[in-house]
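As structure tokens, one chain now follows by itself in the form predicted alone.
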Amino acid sequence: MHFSKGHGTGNDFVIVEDVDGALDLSATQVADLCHRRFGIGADGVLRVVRAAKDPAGAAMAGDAEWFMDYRNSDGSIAEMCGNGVRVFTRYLVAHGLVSDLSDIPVATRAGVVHAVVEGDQIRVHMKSPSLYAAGTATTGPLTFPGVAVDCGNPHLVCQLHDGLALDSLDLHVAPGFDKTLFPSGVNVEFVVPAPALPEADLHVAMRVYERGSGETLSCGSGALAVGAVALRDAGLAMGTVAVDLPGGRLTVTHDSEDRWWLAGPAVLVATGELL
């Protein structure tokens, strides 16, 4: 089995090409691939398959040739991954599987999204985030109020209070959350304001604990959720939010046509063969 390795702002993936849907990856195999000591090491696995050849993508085959089958590092299935979509797109371009770089449709379990390649940056027209409830997250003795956001996958965006610094949080273990509100688990984002930037309306910094993967250096759909909450709290109907993560910067834009865009780098770093 041949593979590639790629990342989007440090959120890294093993990419496996399976154009005709012949490969049946088990949860154990995925976890083994993602193990950082005994495997290749990654936050997740991206399986590149034609939508028509995968049961989860077949209904979208008329709108997108390629389906992103995304698995978390523990082997569980995820609906969406914003960094994963950009890395997936970079792979399609690098391997000649698409030709029109101005509109690359990608089928995901959260629906079809559209990517635009602009040099080192890839912008993705994402599912519009929906802010729908209040919740809380706990880390150790600390409890933080948060906003539940649906980005095709579940998020809980929590503002830090009392001047707490992001690096003071212990995210070696999963934050506690309301399992009634999030019966299938949730990605938890912790956010603080950051200094103003000339190229953005708002600027924030965040850390994230991803469902099924633990703390990661970046989370694209998490940045989208954070950007949506930041714009709402600032009373802005549209705008651009620069989101700094441990692995780099992502940009979330809500434009005049009511579209939500996630932009950032996506890099392929290695290829190899699994023995």
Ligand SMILES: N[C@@H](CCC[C@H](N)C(=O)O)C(=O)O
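All values reported here derive from a predicted model rather than from experimental measurement. Residue positions are given as counts along the sequence shown, with the first one as 1.
One more form of this protein should be noted, the form predicted in complex with this ligand, which is absent from this view; the next part is about it.
Exactly one listed residue, out of 80, 115, 202, 92, brings a non-hydrogen atom to within 4.5 Å of this ligand in the predicted bound form: 80. In plain terms, the part of the chain that comes close to this ligand in the predicted bound form, with a heavy atom within 4.5 Å, is 203-211 out of 31-39, 59-67, 203-211, 234-242. The closest non-hydrogen atom of residue 220 lies within 4.5 Å of this ligand in the predicted bound form. Residue 187 is the only member of 179-199 with a non-hydrogen atom no more than 4.5 angstroms from this ligand in the predicted bound form.
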